[in-house]
Every structure is written in C-alpha cells, then in structure tokens.
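Just one chain is shown here, as structure tokens, and it is the form predicted alone.
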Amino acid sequence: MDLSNNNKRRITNSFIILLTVALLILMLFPFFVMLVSMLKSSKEIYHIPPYWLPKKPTLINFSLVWNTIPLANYFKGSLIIAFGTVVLNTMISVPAGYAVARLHFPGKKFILFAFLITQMFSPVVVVISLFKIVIKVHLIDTYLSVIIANAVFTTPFVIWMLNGYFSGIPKGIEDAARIDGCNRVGALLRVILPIAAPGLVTTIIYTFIYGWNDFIFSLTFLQTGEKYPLTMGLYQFVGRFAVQWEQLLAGAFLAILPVLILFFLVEKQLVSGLAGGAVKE
C-alpha cells in the first residue's frame, strides 16, 4: 500500500515538475526571442528562411537606438511618470487603506467591492472622457496629467491590498503605541507601516511598473516629443510599411533593465521585511 502511494506521489510530482517547466518555457519564450533578435543585423532579421540564433552576433543595434532616438530623454520621462505615480498613489492609498482596515462605517464592504469593480474597466474605455477633463483643467501636455490618470487606475487595487495587510496586524500593537503617547497618525507611521513593509513594497512595485509601462495616457495627453516616455519613444520604430525589429527589441531590453534591477534590489527587503514583521499575539 505504501509503495503504491509512493508511486502515485512520484507520478504526481513528476507531472507537476513537467507542467511547471512547460509553463516557464512558454512564458520565457518571448524574452528568448527578444534576446536573440536584438543581437541580429537587419539582414539576419528578415532572412528567409529565418533562423533562431544569430550567425554573427552584433551589439550595433544598441548604438543605433541611442543615435536614432533621444533614449536618455525618454528614460527621464518614464522615471518622472513612474515615480510620480508611486508618490501620489502612496499618499492616497496608505491613509485610505488604513481607514478601511481600522475604522467601521456604513457601506464599507460596498466600497471595497467597488474598488475591485473599477479594475474591470480598461483605460481605453474612459480615455476620451479623461482627455476632455484634462483639457478643461489645462493639464494637457504635462506629466501631471499622466501621473494622475495612472494613480486613478492603480489606487483602488492598492487600497484593497493594503487593507489586507493592515487588517492582518494585531490591533493590540497599535493600542499599545497609543497608550505610550502616539496618536493615530503617529501609530500608523511608527508602528503599522514598518510591520506592513512587505505589503507596502509590493504595492510600490506594482504602481511603479504600471507607471513605467504607461502608453495609452502618454499617447493621449502628451503632445511634445521631449516629454515622451520610453513606451512612446520605442513606438517610433514601428513604421508604416516596416518595423525595425532589431532596434525595437534592443530598446525594449534597455527599457526592462530598470524594472529587473528594482526587483533584485527589493527582493532582499521583502525577505527581511517578512522576517522583521513577523508578529505573534
């Protein structure tokens, strides 16, 4: 009986491993295509029949990207939009998430579900309405309009996530801080936020990536080429009759590097935050 159970477990584990490997290959395949294509010349990209690995790997595409478009300026635009979205989102979501987690008021569950419902709508649905509002408040062709639009779509989900993290913190810790002389704001800043650091870092990463990848709002609200983010800059490689794939993918690789670096830097903070925030009551 034990042997049959062991065999079943081995078969199950083997199936899970194979399925995981297959999913990883499926998800990483586009990155593989990007890596091999950015090392090809234009002749190799359009060679018929095509071949996977470049016969003569070259790094000239990175030089062409820097010389063709003002990539450094587009990096600056993406950083301004991403960090601006993070700051505005955090300023709104932290007190809102704390209020939802700790305070009791009528319609609390309805508000939480309404936050989730907003995530069902694509930005394309409301972009025309937002465009009219941006024109009326004279924010057209400004980073602020893009930052506010991104914050509008990220804040509901972040509030929902922070509500879960704040609710998981024992209320007794906050009560002890208030007995020691902290008011509610002081307890939030000095006690609750350090314990909820993993959740806060997670929401910051989510918001940063959302702002970094923004395209639709930048395309709609920004009119000056000097203010374009990376997504708009890379779009210039898509021509009417052809696409410069080798340069487009080289630029895309450079665009994802800051996000990869951010993940590597934050990974240790997430682990230490989880260990340091472990609370027993």
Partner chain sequence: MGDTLLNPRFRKLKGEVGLAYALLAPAVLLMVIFMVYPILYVFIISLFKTNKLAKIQSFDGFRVYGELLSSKDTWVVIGRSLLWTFLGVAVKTLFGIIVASTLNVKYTGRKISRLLFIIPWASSIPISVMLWQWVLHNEFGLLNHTLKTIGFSNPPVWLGEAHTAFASCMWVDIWLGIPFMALVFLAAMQAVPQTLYEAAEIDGATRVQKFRYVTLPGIAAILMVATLLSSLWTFNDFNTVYILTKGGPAGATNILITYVYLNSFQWLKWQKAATLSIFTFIILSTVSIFYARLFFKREEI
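Fair warning: this is a prediction, and the values are worked out from it, not measured in the lab. For the two forms, the rigid core is made up of the largest set of C-alpha atoms that agree within 1.5 Å on superposition. Numbering follows the first chain given and starts at 1.
Omitted from view is the form predicted together with the partner chain, to which the following refers.
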4.5 Å heavy atom contact, C182 and the partner chain in the model of the complex: no
Contact flag, L234 vs the partner chain in the model of the complex, heavy atom cut 4.5 Å: yes
4.5 Å heavy atom contact, L39 to the partner chain in the model of the complex: no
Proximity of V65 to the partner chain in the model of the complex, heavy atoms at 4.5 Å: no
Contacts with the partner chain in the model of the complex - residues in 14-31 whose heavy atoms fall within 4.5 Å: I16, I17, L19, T20, L23, L24, L26, M27, L28, F29, P30, F31
Core-aligned CA displacement of G225 at least 2 Å between this form and the one not shown: no
Flag for N213, CA shift 2 Å or larger between this form and the one not shown after aligning core: no
Core-superposed C-alpha of V36 shifting 2 Å or more between this form and the one not shown: yes
